[in-house]
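Take a look at this single chain, the form predicted alone, given in structure tokens.
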């Protein structure tokens, strides 16, 4: 059982944890993708420290199955956890945008040109750091494509828990967060650019931004206030429901 810090009561500890969970919300910082620029040195240093600390905390997510050894643990980070974090700071984000733009210009009416016109390029330009979080699937039968078996469901759940840990830790450190499916960032060629093995799958592109980071626009999540309350998503199972049928009595 988690214990409060020495200077906190249990009630204060609970209130602090609950507050971070409730206060975390999607916030997209949008900026012209042609106007990507490095952060001021002090801001970049503070962001790097906050991201490093958040990643360390995120790594304490629960997992029930280790990553598939032959597929994922032969070279590179050898942790058995079924997720990986790939971190892009501002210089890497600006370089990524330049490469996406070059691909879009060289390939009109392609996935690249269409992606350049989407919101994801504005989010990349507006954010402070990006954490590409992948989950590590077990291969399918005979080494084929992964299937949604019990192990892979466990891996997806573990990576999702790691993402939530990351966002809560970042929120507590004063960062704005946005969990995205990634758009063009989920493309195999982009994985190659970033050094992400194609055997891994994107669980989420997590954007982290300091509160003082300027943007052309800011957008919140569209579903936050439509989730309802516990009475709408919680079902309490009564013991009477589990009474054995008379025929088995």
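All values reported here derive from a predicted model rather than from experimental measurement. Numbering follows the first chain given and starts at 1.
This next part talks about the form predicted in complex with a small molecule, which is not shown.
A.B. asks: Between 224, 64, 52, 69, only one gets a heavy atom within 4.5 angstroms of the small molecule in the predicted bound form; which residue is that?
C.D. replies: Of 224, 64, 52, 69, the residue with a heavy atom within 4.5 Å of the small molecule in the predicted bound form is 224.
A.B. asks: Where, among 99 to 107, 171 to 179, 132 to 140, 145 to 153, do residues come within 4.5 Å of the small molecule in the predicted bound form by heavy atom distance?
C.D. replies: Selected range: 171 to 179.
A.B. asks: Quick check on residue 186: any heavy atom within 4.5 Å of the small molecule in the predicted bound form?
C.D. replies: Residue-level check for residue 186: no, no contact with the small molecule.
A.B. asks: Although the small molecule is absent from this view, report whether residue 46 comes within 4.5 Å of it in the predicted bound form, heavy atoms only.
C.D. replies: Result no; residue 46 lies far from the small molecule in the predicted bound form.
A.B. asks: Going by a heavy atom distance of 4.5 Å, is residue 31 a contact of the small molecule in the predicted bound form?
C.D. replies: No, residue 31 is distant from the partner.
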